[in-house]
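Presented below, as structure tokens, is a lone chain in the form predicted on its own.
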Amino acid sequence: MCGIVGYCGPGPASEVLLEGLKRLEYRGYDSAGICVDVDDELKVIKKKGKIKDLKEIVPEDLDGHSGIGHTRWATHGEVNDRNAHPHMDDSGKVVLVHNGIIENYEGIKRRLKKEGHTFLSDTDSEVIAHLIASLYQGNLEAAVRKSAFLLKGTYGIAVMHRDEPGTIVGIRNGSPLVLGIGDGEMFLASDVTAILAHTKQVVYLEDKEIVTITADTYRTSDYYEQEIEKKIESIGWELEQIEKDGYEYFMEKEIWEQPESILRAVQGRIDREGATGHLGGLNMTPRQLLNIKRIYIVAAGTSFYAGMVGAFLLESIARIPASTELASEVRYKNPVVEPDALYFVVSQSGETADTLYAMRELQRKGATVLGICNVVGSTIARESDGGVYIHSGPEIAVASTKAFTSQISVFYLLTLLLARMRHLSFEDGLEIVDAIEKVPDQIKKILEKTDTIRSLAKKYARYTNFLFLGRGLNYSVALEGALKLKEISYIHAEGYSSAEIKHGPIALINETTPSLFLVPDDKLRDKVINNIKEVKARSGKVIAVAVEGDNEVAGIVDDVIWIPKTNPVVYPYLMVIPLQLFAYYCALELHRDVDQPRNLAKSVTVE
């Protein structure tokens, strides 16, 4: 949610800022703006709508070499020009951009109004600009530091002052902020993708840290004026990875990248000689792993459904009780931490606010919490007690695809590791290893035959309600498929266990509500077929994702999408690909904005 870019250097600030904001579009936003220091005046230009709308009103001759920019996702105040960032105090001297939520802004605003301040927006963010202006006594960093003790909430902030040209101060508390170090130029951003075109050398700020930058220098310190020596890290991504590379949409590219992203997730982590997984980042000894009595997986959205796959695998194969919990609910129920339990938090970005807060609450209660995330240097990666990177590469589209299959890859490896330490035989472990190693090529075969799915999207895209149904391991895949369709096509869809259809959802069945069934050739296949027959008996239309050669399924459904035969344990990999494609093609058919669906943000950094 929201994006920040800051720049100090010799280049044209407006161009750097607009380019950076363009690369942050995937995070979700509804307005954008920039501020450029021009001849010691802070020139603010902001606009409701897309970056292209902002670019149209930025003068081509806007001269200036330092500035800040922002993409806003509305929380306080409606979507309009005046609520867009950057915000300025009424003296015109302080300008800032802000990600996060200030919980006590109303009280601060009342006090500042009594002191004579006039507010122009309905946002909580504008309050910070006025507060810093009221505390300013010739040193911007000092004023920002003082303001930090008065603000309650989460924030990533970049701020400028008219009397300190060429200087930007950034501060982080609960909302990501990264410093980029270039050759005679410095950058601030909420996400490394904004600055990857200019530098790979970065410093990740921790909570309650402040950075002050000019073109040639940076200084990091804490709230108590203590300087902090920060480690400079190198971004592992290449610029080409965050570009479309000939695809129409990032989502399309990321679906097609899954054979490679799954390979990256498992490469070097499969031990064929031991028929097991190897996950060194867990930071746990074999004895500690053997002593685990229960596993909890905490996540949100698509990561939650990947966690459901993981919990099922761990319980059914490793024989360890496992469950998945919604991150947003964990800390508010005062969770009971069990001494022999292991906790995993799952987040593609590593910055998901609900998941991060849940992790911290569990750690406060003494839990060992391991992270599963994609972004190196993210907050969860730094603050967890260990964990695993999924190595899926940048995921730009708001709707997650390749991260899901990479996350479940980690859970397959974890399951193998723990199961082989307990009771799983070498032969059974090797069968799972063999099946996992074949998955990338099997996904390629599905991707080579997308015409059927595209034609089904044309046929079904005008329906307004869908049911997605699966059993066992594939129940969570059905939930994920329904989420994808909702997210990017805006078609209402619900996921259920197909066994639950007779406990309520069957009331929805008619000729205008299609059902999409997942039918692997596993031990629950016959039961799923009986559920299909129940739907067909009530004039329901049925699409099935089924295993090649299953003529019985083909004979009773309206349409079928074929997937290759594999070990029943790994069908979630193959089942989810047609669902991603179906959602994608339905969205295209309905002319939706596939990469930036309405009201959604890629990285949900506020509660």
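The numbering used is simple: start at 1 and walk along the sequence shown. Because the structure is predicted, anything quoted here is derived from the model rather than measured.
If you look for the form predicted together with a small molecule, you will not find it shown, but the lines that follow are about it.
Chemist: Please name which of the stretches 309-317, 523-531, 477-485, 99-107 has residues with heavy atoms lying within 4.5 Å of the small molecule in the model of the complex.
Modeler: That would be 477-485.
Chemist: Which of 74, 337, 300, 330 has a heavy atom within 4.5 Å of the small molecule in the model of the complex?
Modeler: Filtering the options by heavy-atom distance leaves 300.
Chemist: Of 467, 443, 413, 398, which residue is found within 4.5 angstroms of the small molecule in the model of the complex when only non-hydrogen atoms are counted?
Modeler: Exactly one listed residue reaches within 4.5 Å, namely 398.
Chemist: How about residue 392 - does it come within 4.5 Å of the small molecule in the model of the complex, if we only consider non-hydrogen atoms?
Modeler: Looking in the model of the complex, residue contacts with the small molecule do not include residue 392, since no heavy atom lies within 4.5 Å.
Chemist: If we define contact as a non-hydrogen atom of the residue within 4.5 angstroms of the partner, is residue 384 a contact of the small molecule in the model of the complex?
Modeler: Residue 384 lies outside the contact set for the small molecule.
Chemist: Taking the shortest heavy atom distance, is residue 147 within 4.5 Å of the small molecule in the model of the complex?
Modeler: Residue-level check for residue 147: no, no contact with the small molecule.
Chemist: Though only this chain appears here, would residue 190 touch the small molecule in the model of the complex if you measure heavy atom gaps against 4.5 Å?
Modeler: Judged by the heavy-atom cut-off of 4.5 Å, residue 190 is well away from the small molecule in the model of the complex.
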